[in-house]
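For reference, the chain that follows is the form predicted alone, supplied as structure tokens.
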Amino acid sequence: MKIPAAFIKQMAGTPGWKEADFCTILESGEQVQSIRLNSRKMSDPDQLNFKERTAVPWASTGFYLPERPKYTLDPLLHAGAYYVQEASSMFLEQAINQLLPGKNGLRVLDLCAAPGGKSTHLRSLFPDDTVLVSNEVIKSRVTILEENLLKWGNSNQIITNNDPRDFSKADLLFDIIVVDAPCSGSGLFRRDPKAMEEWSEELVELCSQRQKRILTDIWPCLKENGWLIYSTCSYSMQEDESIVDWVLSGFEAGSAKLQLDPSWNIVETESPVKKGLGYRLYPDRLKGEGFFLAAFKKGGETEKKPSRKNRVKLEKATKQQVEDIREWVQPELAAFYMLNGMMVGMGEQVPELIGDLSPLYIRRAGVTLGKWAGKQLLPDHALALSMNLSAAISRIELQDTSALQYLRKEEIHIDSAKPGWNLVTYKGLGLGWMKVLPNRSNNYYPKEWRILMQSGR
């Protein structure tokens, strides 16, 4: 593994950088495996299929695994019981818990959200009355973001597909904005050799300019006294401490200090000019990849945005549809609407926020329940994964082999199954829908989600 000479030269003088130790750990080829538990679906980690694990010290539900398992062949991954996430990036939890302890009823934006690691983490850290907007500008990446958030199973969320500058056109101000910015990717050198091949000083400069543009576009959308959390998977000061200086010089903002456990070996840094604080995670100092995080509190008055006429108008579900859907969902879903031809359920905090997001493109909102064929609901896959699904729905519990057959969209025969719609479960968690007919059972697992890997490969 040949580390670019230009990178080593650029890193000279960077806080916490130890060239010999860094090169040794990268050349070792060691790979760190980590996951984060969805505690609202699976509160006991002993229910996981990974019996050997150790805790990620800065993340309450993060765990290291001794080796890389075949995640694709674990039904619990598809049920949303956990997310495969790099351990260093879980440091976000410390910023949220220390800066916003016990806060609820917030409006949170994850601006560069795909593939969903930060969004699923944020959704776990806040209570259900907090509404999360997860945005991704690249259309091809929204699909995987959507899939991962649907698996996580929460209803107080909105998925959008917009450029950061589009948010300035909306009426909404956020309490918290997380910007996990596109970067040169040097923090991933050990995990992704391609990132090393593509790295260049020109790429660092390009990313730095893009990061400034993103922050300029989104800063007006942050409330007074709100928090902006900025992070990268880059080691370059040009994308890290220099950005901290740039924010503190250009905006009315204060830098946040986080409390660190010395045993974590996370490096606290100061930006060269404004002495703003940032936090660096190095693979030679801890068990994780390269990561940088800084948090800013917005000062001054935020200009109130004028109300716009082109607000999104949600079509309310009919009284009969609401009555018919009640047997499918728990009472926490308080509002029912038609959106993009589908019936959706939401907490009471979501509809107003949708209106405030006009004229942005909203990909999904709340939990998609399904579409009506007369008085019959054709349930959506999102409902099967939702934590708002009624416990009264008929279920078919599958074991390992049959669960994988279902996830491959193969036909499953269950003699004792109740006719009609059944939730297919594994260890009690929903995987998807099956409709049991007199002579067969139809597997409704989404074709585009089906797994292709065979056991033993």
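Throughout, we count residues from 1 along the sequence that is shown. These numbers were taken from a predicted model, which means no experiment stands behind them.
Although it is not shown, the form predicted together with S-adenosylmethionine (SAM) is what the next lines describe.
(message) I need the one stretch from 375-383, 323-331, 93-101, 116-124 whose residues put non-hydrogen atoms within 4.5 angstroms of S-adenosylmethionine (SAM) in the predicted complex.
(response) Every other range fails; the passing one is 116-124.
(message) Given that S-adenosylmethionine (SAM) is not shown alongside this chain, does Val137 nevertheless sit within 4.5 Å of it in the predicted complex, heavy atom to heavy atom?
(response) Yes.
(message) Please tell me whether any heavy atom belonging to Gly370 falls inside 4.5 Å of a heavy atom of S-adenosylmethionine (SAM), as the geometry stands in the predicted complex.
(response) Result no; Gly370 lies far from S-adenosylmethionine (SAM) in the predicted complex.
(request) Could you confirm whether Trp227 comes within 4.5 Å of S-adenosylmethionine (SAM) in the predicted complex, counting heavy atoms only? (result) Output for Trp227 is no: heavy atoms all beyond 4.5 Å of S-adenosylmethionine (SAM).
(message) Is it the case that Trp152, even though its partner is missing from this view, gets within 4.5 Å of S-adenosylmethionine (SAM) in the predicted complex, heavy atoms only?
(response) Answer no; every heavy atom of Trp152 is more than 4.5 Å from S-adenosylmethionine (SAM) in the predicted complex.
(message) For a quick test of understanding: in the predicted complex, does each of Tyr83, Pro164 and Pro182 have a heavy atom within 4.5 Å of S-adenosylmethionine (SAM)?
(response) Checking in the predicted complex: Tyr83, Pro164 and Pro182 are all within 4.5 Å of S-adenosylmethionine (SAM).
(message) Just to be sure I understand the contacts: of Ala170, Ile214, Val247, Leu77, which is the one whose heavy atoms reach within 4.5 angstroms of S-adenosylmethionine (SAM) in the predicted complex?
(response) It is Ile214.
(request) Work out which of Arg363, Lys274, Arg141, Arg285 lies within 4.5 Å of S-adenosylmethionine (SAM) in the predicted complex, going by heavy atoms. (result) In short, Arg141.
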